[in-house]
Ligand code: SAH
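Shown next as structure tokens: one chain only, the form predicted on its own.
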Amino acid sequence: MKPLLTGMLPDELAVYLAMKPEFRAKQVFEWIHKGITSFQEMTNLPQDLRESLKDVPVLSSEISKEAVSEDGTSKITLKLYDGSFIESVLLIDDTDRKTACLSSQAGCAMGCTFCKTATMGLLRNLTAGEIVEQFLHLQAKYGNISNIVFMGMGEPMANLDEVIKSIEILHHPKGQNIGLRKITISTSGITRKIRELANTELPVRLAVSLISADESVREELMPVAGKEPLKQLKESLIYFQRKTKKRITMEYVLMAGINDRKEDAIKLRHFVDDLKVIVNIIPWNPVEDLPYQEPDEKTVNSFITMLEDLSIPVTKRYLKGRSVNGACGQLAVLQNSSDSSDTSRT
């Protein structure tokens, strides 16, 4: 596979395309991030340069499928250069703020038992260019996007170098100029990589899929917990917080009869001691063939009240994208086919 233009910063483009003077590479970078996909359309480049580059592809991926939910959530299925498929989601909140939910891997190796992506296994890591292209495709279809969350397919910490490179590209002032504080990386809890992220001193936000503060329950739900016990996870989060001074989001997927008890709330209270956090309650989104039940509204509200009574800052995730299987834990794609494994409905 040749290097992707979308995975390069201006100085790298200058070297790869052998551009003289080097400011031409900055112009190319700007055009790419304006959504231009052909060198012939880069009108401030000399005609002879455009002609020499006319056969160089700008994008390596293409949209093979799109689905839009009644709540405004959009999901696209991208076909990658090697025939693999991934999904990306565009979220719109009540203030019309647009957030790109990006994938970092095709599939996922973490094996979380409540997540549809885990049923795919891990196909491969995505390159920085493939991550950036998800953003470019979403923005071309739905307009300017101000926020990014790495909460799509895959474990971002397992592909951290490419994720960080994509952030550098999307943050670049000549490109999308997305503020680092508007970017969130979610993880199932790979402690070594949490420390590595902290050491970069990038002021991005961190979200952790805690799911349960009961060690045995968490191990049953998340195989990673067997290698990354809660004590080790907490130590890495304390380290992250000391380095960054940032509040951490604890993602808590609530499943009926699994992690919704009073003792679950108390254990969560103990876990978040010494941490500055907000707990994001996410009612489990139904996935066919997975053995869990969505909690009813009464159970959700009761658990939130328990946390509030224990002085834990808490918020509830709005249920968006379910009708197109674009909600948390619902992303999955059949490979060698443009059809999602969970049929999209509008």
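Residues carry their position along the shown sequence, with the first being 1. Everything quoted here is computed from the prediction, not taken from an experiment.
Beyond the structure shown, there is the form predicted together with the ligand, which is absent from this document and is the topic of what follows.
Asker: Among Ile32, Gln134 and Ile169, does every residue place a heavy atom within 4.5 Å of the ligand in the predicted bound form?
Answerer: Checking in the predicted bound form: none of Ile32, Gln134 and Ile169 is within 4.5 Å of the ligand.
Asker: Using a 4.5 Å cut on heavy atoms, which of Ala128, Cys115, Leu78, Ala100 is close to the ligand in the predicted bound form?
Answerer: Spelling it out, the residue with a heavy atom inside the cut-off is Cys115.
Asker: Identify which of Leu45, Val287, Ala67, Val314 has a heavy atom within 4.5 Å of the ligand in the predicted bound form; exactly one of them does.
Answerer: None of the others qualify; the residue that does is Val287.
Asker: Using a 4.5 Å heavy atom cut-off, state whether Phe85 contacts the ligand in the predicted bound form.
Answerer: Judged by the heavy-atom cut-off of 4.5 Å, Phe85 is well away from the ligand in the predicted bound form.
Asker: May I ask you to check whether Ile211 falls inside a 4.5 Å heavy atom distance of the ligand in the predicted bound form?
Answerer: Because a heavy atom of Ile211 falls inside 4.5 Å of the ligand in the predicted bound form, the answer is yes.
Asker: For Ile282, is any heavy atom within 4.5 Å of the ligand in the predicted bound form, or not?
Answerer: Ile282: contacts the ligand in the predicted bound form.
Asker: Consider Met151 of the chain shown here, and say whether it contacts the ligand in the predicted bound form, taking contact as heavy atoms within 4.5 Å.
Answerer: Because a heavy atom of Met151 falls inside 4.5 Å of the ligand in the predicted bound form, the answer is yes.
Asker: At 4.5 Å between heavy atoms, only one of the stretches 185-193, 225-233, 264-272, 160-168 reaches the ligand in the predicted bound form; which one is it?
Answerer: Of the options, only 185-193 has residues within 4.5 Å of the partner.
Asker: Do any residues of 36-71 have a non-hydrogen atom within 4.5 angstroms of the ligand in the predicted bound form? If so, which ones, in sequence order?
Answerer: Residues within 4.5 Å: none in this stretch.
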